[in-house]
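One chain comes next, on its own, written out as structure tokens in the form predicted on its own.
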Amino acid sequence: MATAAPEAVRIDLGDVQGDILRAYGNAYERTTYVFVGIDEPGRGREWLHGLVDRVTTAAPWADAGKPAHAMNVAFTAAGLRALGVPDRVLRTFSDEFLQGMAERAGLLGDTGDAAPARWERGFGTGEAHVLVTINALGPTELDAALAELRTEVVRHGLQIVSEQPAQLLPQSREHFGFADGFAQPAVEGVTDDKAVGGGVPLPHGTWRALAPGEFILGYPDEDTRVDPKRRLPNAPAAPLGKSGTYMVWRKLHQDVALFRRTVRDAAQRLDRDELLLRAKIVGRWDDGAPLVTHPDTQPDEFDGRAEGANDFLYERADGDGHRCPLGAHIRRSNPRDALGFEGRLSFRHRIIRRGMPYGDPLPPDALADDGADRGLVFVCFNASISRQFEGIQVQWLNDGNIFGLGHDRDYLLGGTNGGSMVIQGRPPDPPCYLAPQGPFVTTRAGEYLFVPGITALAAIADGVTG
């Protein structure tokens, strides 16, 4: 007997914070992440009261269009404790969230220069309690929103632990020069139109969106789909467990000059085209065109938002890695069907990414580091930090065993000692080897956070969390 199709789930978008399901897009060119510390629960909750009604939700915007700025709020475990959330309620949160990113640094590969002891002040120490993220249309709108926030923080006797500005770079590239943000997961009931290339591959070349509970707590996830009792995934105790999610925030410094020199030198040594070698490392050309569908030359034009732009699979089209290397960054971070079983081993490890570059670009032809701080503020949302973000970081990026690559780390994000990579040759070309080099990317700060729904946020502000 055929299994009945699951009933469509309707998400209360007005109760979900907007930066989770809504990609604010390139219109919001400026972002600042403000971490606030709270010394006294009452003053902290009073401050939050003034924010609740101003937090941007995932509900469609009115006919007036995009607001001048969007604001969203998240909490560390120390922050919830500082605001008076009882221990019995905190114990219902996930272990990895309660431990915090710094405590799990060894697992994540944040060692050496990337170790928490070397992070920027206030991170990994329990000092950062609340993260307020402000996305703005431009510098004027950002300055106005920040001025108001700073005034309120001071007025309530709180402290700003850290401010991290970020902004879009020309052509929406990150500092290594690649267009970013492609192949975000498709969420059932929200972005079903993105299912092709962003959802779960099905037989006969079709796709479906992922269950919303993979990203929003309190809703059915992929396990719920096949559970006869339709049980929901684990979530914090009511009233905090509905419409929220977990957030990963990492400040990643990029050594652009080292990356450029390394690729240049490798291209000369291997007698390979430098632009193609860059694409082989990442799995996409600079403009975002995937190697699986454009293996030899970068297309004249590529629009990642166009229908079918990300409609590709690895095992079916490129199982041997001759087009996109088995160790390419995007193949490791989102293997699609590359692990076999028609993608069933990978689709439960998807994350929603909302990162933003920070710092000024290194001049295009520069090969020497100028000492400036630049990189990526990596942000992602997931219902399970351990299964989703940490699964990708630990099992796929820090260890190549599952891909048949032994102990090879991801070449782009290889950690303290750098990664290594074999690039499979397209017959008759032989394979080539990129020796460990780096690190190109170093963690400078990070926190695990909880993003409550609007109802839950109001409960935290009211001090009625259980």
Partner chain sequence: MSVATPTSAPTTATGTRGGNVDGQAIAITVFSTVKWWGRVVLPFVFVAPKVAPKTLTTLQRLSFIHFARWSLITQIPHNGAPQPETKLRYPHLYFESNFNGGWEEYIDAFSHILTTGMWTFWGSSYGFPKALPTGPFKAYIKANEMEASHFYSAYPEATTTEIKQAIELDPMVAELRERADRMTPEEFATAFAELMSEAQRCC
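These numbers come from a predicted model, not from an experiment. Residue numbers count along the first chain shown, from 1.
The form predicted in complex with its partner chain is left out here; the points below concern that form.
Q: Tell me the stretch among 26-34, 398-406, 44-52, 61-69 that has any heavy atom within 4.5 angstroms of its partner chain in the model of the complex.
A: Of the stretches listed, the one contacting the partner is 398-406.
Q. Ok, D223, D373, E152, E163: which has a heavy atom sitting within 4.5 Å of its partner chain in the model of the complex?
A. Of the candidates D223, D373, E152, E163, D223 is the one lying within 4.5 Å of its partner chain in the model of the complex.
Q | in the model of the complex, the one of R118, R344, R316, R272 near its partner chain [non-hydrogen atom within 4.5 angstroms] | A | Checking each option against its partner chain in the model of the complex, the one that comes within 4.5 Å is R344.
**Q.** R231, H322 and R348 each touching its partner chain in the model of the complex (heavy atom, 4.5 Å)
**A.** Every residue of the spot touches its partner chain in the model of the complex.
Q) Using 4.5 Å between non-hydrogen atoms, is E301 touching its partner chain in the model of the complex? A) No, E301 sits far enough from its partner chain in the model of the complex that none of its heavy atoms falls within 4.5 Å.
Q.
With the partner left out here, check for me: in the model of the complex, does some heavy atom of G197 sit within 4.5 Å of its partner chain?
A. It does not: once its partner chain is placed as it appears in the model of the complex, G197 has no heavy atom within 4.5 Å of it.
Q: Would you check, heavy atoms only and a 4.5 Å threshold, whether D87 touches its partner chain in the model of the complex?
A: Judged by the heavy-atom cut-off of 4.5 Å, D87 is well away from its partner chain in the model of the complex.
Q. Is S420 close enough to touch its partner chain in the model of the complex, meaning at least one heavy atom pair within 4.5 Å?
A. Although its partner chain is absent here, S420 would stay clear of it in the model of the complex, with no heavy atoms inside 4.5 Å.
Q | Residues within 4.5 Å of its partner chain in the model of the complex, restricted to 81-109 and counted by heavy atom | A | Sequence-ordered list: D95, L107.
Q. R426 to H294, Cα distance in the model of the complex relative to here: closer or farther, by 3 Å or more?
A. More distant in the model of the complex, by 3 Å or more.
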